[in-house]
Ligand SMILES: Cc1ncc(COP(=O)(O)O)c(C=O)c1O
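Next up: just one chain, as structure tokens, the form predicted on its own.
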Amino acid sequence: MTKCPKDNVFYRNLNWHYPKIVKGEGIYLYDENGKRYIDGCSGSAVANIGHGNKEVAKAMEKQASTIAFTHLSRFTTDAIINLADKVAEMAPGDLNKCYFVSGGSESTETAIKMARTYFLERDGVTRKYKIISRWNSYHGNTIGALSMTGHTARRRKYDPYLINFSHIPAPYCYRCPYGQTYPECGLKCAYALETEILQQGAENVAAFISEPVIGSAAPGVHPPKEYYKIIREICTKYDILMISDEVMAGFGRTGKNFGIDHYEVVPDMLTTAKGMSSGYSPLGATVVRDEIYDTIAKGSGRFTHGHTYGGNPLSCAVGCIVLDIIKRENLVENARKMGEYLMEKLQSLYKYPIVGDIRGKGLMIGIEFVKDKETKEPFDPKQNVQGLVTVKALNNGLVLYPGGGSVDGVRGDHELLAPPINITKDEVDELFEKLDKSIKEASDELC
């Protein structure tokens, strides 16, 4: 790839050529030269209802023509109230209270401050502040969110700024950290939480955060069915809040309203973003159980935290119409059906020597590449296999979400498949054809 355009934009990767996208329609993106791409990852698992939705555009215009911005510290609006009601209806159990922000990192950052606030309000004085998470995780790029993140490649440059929160192994069955197989393993990866709590001292631990289906750090990895029941019991036993990071998995992506719904437990908090607005406007939320809200309400009544654009009416109006579309068009169920159909087709990719593991739920699927299938040996990072597959796919008109470091923080190449959840069967077939061709080309070049 050539260097990025010589304009005044500070791009994330200055070694990348950025095609200019001029239009989006459904699952497709179109560049200035007329080339059409399937958005096979919804940007970054964001565009759940696809691109160019006229109903959303109309709702944005209507809200912008009345009131686009108010500051949440002084006013409320119908858009904010209505969106909170819609989110509460979708969320499990008594997760009813929504603190609106502008994105995923703000959502997880809010969650850890809210956890600390809850214990301070409940107990008056508390030592509880530590957050436990997992090694194969990504919880955002702000300092608090990155402190919780276990993905070492994202942490390394900024490590001097980060809080030294602890991490436990992820339920990564393909690369079990204990060298065992399910169910003989006895879910050691779940009970590792109890061990870590005891080592840290339960009186110091405020919360445990995890992604029910892992996103960019190890796409598609998800635990056996008993895992989260064990996690819930441990958190309750030691008076620790359970936070489900649903920034990627939420709002239908996995074939359920939220990823945690697959495990039939109720966490204490959900962190959300991405699919709630489907990328039409920046939006996120931290959703908490009534007990947390009531404890703060009956105490000081104040949560010392906030962002300028949190709860702005324009974004919340977008969220309202997006959730209406998801419900009306039964897109959560479509994600389940199309995810199962796509997963069945993907099994044929095991014929390629570089495809090591395919996993996921709904339309949140990961493909991991290996140098040796027998030993699961990853490729040398210098070979940039994730980049090779990504470029092949782009040339073939398919956008993937590449990543690395899932094996040990450095090695491990993978791609995330997360197309819009309104994708049709014919569009799944088209996506698969382009993916198959791209992986074959990469495999032929590598082998």
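Everything quoted here is computed from the prediction, not taken from an experiment. Numbers for residues come from their place in the sequence shown, where the first is 1.
In what follows, reference is made to the form predicted in complex with the named molecule, a form of this protein that is not presented.
Of the candidate stretches 98-106, 218-226, 117-125, 319-327, only 98-106 contains residues with a heavy atom within 4.5 Å of the named molecule in the predicted bound form. Residue-level contacts in the predicted bound form: of 260, 112, 247, 363, one residue has a heavy atom within 4.5 Å of the named molecule, and it is 247. Within this chain, residue 251 is remote from the site of the named molecule in the predicted bound form, having no heavy atom within 4.5 Å. In the predicted bound form, the named molecule sits within 4.5 Å of a heavy atom belonging to residue 140. Among residues of the shown chain, residue 134 is not one whose heavy atoms approach the named molecule to within 4.5 Å in the predicted bound form. Contacts between stretch 48-84 and the named molecule, counted in the predicted bound form as any heavy atom lying within 4.5 Å, involve no residue at all.
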